[in-house]
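What follows is a single chain, given as structure tokens, in the form predicted alone.
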Amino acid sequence: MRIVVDAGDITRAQVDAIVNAANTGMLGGGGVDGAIHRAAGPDLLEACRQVKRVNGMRCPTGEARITPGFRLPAKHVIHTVGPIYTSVPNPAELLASAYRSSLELAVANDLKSLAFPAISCGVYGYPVHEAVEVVRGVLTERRWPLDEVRFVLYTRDVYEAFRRGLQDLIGP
């Protein structure tokens, strides 16, 4: 599996699926979630509305759901919810679950490439350097049957943190 770290706009990623750092309602919001909904068009919102609720949530924290990508270059969007850093006793466990659930959903749907943002590192307040260590753990816990996992990071500081933190895993 090739690991790539890029700076840029995840909505333009040429992969089978992009991962959306969603909220539990999956109806759009700010940051990457809003950008993905805007780029995919109104059909994404309608597809998210069709996702069955579990305990009042379409996607509980640490889980993932998949929808079509509609107007995006990616054929699918995998929606996952990371933890709000200061709101749970063990945010690393939930963040790992969000990344792991996304990878598992990609594998279950026979996808070969996907692009992640920095889940929970924006308004959810997860420290980027801690998040990179969680990501590293999930990527190396087993052999994932994917061709490429890409991290597409919007700000230079987050890009640099992921590039440094995953440097030995990044493919040519």
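Since the structure is predicted, the reported quantities are computational estimates derived from the model, not experimental observations. Heads up: residue numbers just count along the shown sequence, starting at 1.
This next part talks about the form predicted together with adenosine-5'-diphosphate, which is not shown.
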Residue 121, heavy atom within 4.5 angstroms of adenosine-5'-diphosphate in the model of the complex: yes
Answer for residue 21 alone: is it within 4.5 Å of adenosine-5'-diphosphate in the model of the complex, judged on heavy atom distances? yes
Indicate whether residue 131 is a 4.5 Å heavy atom neighbour of adenosine-5'-diphosphate in the model of the complex. no
Do residue 8 and adenosine-5'-diphosphate come within 4.5 Å of each other in the model of the complex, heavy atoms counted? yes
Among 114, 48, 105, 32, just one has a heavy atom within 4.5 Å of adenosine-5'-diphosphate in the model of the complex, namely 32
Counting only non-hydrogen atoms, which stretch in 63 to 71, 136 to 144, 23 to 31, 50 to 58 is within 4.5 Å of adenosine-5'-diphosphate in the model of the complex? 23 to 31
Mind checking whether each of 86, 88 and 92 has a heavy atom within 4.5 Å of adenosine-5'-diphosphate in the model of the complex? no
adenosine-5'-diphosphate in the model of the complex - contacting residues of 129 to 166, heavy atom within 4.5 Å: 152, 154, 155, 158
